[in-house]
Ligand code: PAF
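Starting off, we have a lone chain in the form predicted alone, written out as structure tokens.
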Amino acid sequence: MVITRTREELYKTLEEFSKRPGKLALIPTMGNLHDGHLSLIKLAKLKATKTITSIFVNPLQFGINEDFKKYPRTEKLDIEKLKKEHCDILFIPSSGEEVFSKIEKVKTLDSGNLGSELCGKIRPGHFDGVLTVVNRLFELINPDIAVFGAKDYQQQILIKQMAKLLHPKISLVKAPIIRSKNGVALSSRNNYLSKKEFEIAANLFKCLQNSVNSYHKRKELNEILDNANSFLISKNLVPDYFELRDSELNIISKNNFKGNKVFLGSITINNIRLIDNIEF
């Protein structure tokens, strides 16, 4: 695996790899890699012959009350994991200037109305920061394919909308959610939970499953959502939101929608926020 830390090193490596046949797949991450991230690389290798992972803790997506400096950075472990997955290139910029020339002068992209709903309501400006950095990585790397996880459902929809406008030649691939044995979606944030809290967190996935079952039984949507919130609270989980949307995240108001849809939930446990969803 070739490790690049500057734009110059990145461009030089990409130029060498461009001489090899096949497509290039990008897996953008903020590091602290777990099996969910590694599943993205496995999927990327099925779709392309060359893979590049980026590790960049993006300051633009951290809000006022979110500590950018405390985000876990596990570079040595991450590198070992990527080598085991036979990732071809790692771009781990030595500073923000290797991504953005001057971070304080970056013009952020606007995530629009959807960017201020669901997770965006809780984290104002977060998705503007996500879109800005993903757009920049697309500009720097110019991949054929980019892989994103389905756990961050709202994020991948917004990136898809942005890419359609600014990078129509890049094919986006959505990777399925990877779960622990108790059903909790894998996330770097799980590391902050105690063993007991981790078991309690499994009730979010149970709640999503129950809601899908209730929908199939033709229960009223308001009743399903009320029951979901009551169930989460009864398990000592604080619901940030629990909603039903269509596959493009348009609001569904009644239990008569025939197309693909998704229940999305966000809960807080001991000041740690976890998200999950089920598509059906």
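Numbering starts at 1 and follows the sequence shown. Computed from a prediction, not measured in an experiment: that's the story for all the values here.
As for the form predicted together with pantoate, it is not shown, yet the points below apply to it.
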Interface segment, criterion being heavy atoms within 4.5 Å of pantoate in the model of the complex, picked from 216 to 224, 251 to 259, 237 to 245, 57 to 65:
57 to 65
Consider Asp128 of the chain shown here, and say whether it contacts pantoate in the model of the complex, taking contact as heavy atoms within 4.5 Å.
no
Is Met30 part of the interface with pantoate in the model of the complex - any heavy atom within 4.5 Å?
yes
Quick one: is Glu98 in contact with pantoate in the model of the complex, heavy atoms, 4.5 Å cut-off?
no
Even though the partner isn't displayed, in the model of the complex is Phe205 close enough to pantoate, meaning a heavy atom within 4.5 Å?
no
As a check of understanding, the residue in Leu158, Val133, Ile89, Leu82 with any heavy atom within 4.5 Å of pantoate in the model of the complex should be identified as Val133
Which one, Asp152, Glu197, Glu117, Asp144, lies within 4.5 Å of pantoate in the model of the complex by heavy atoms?
Asp152
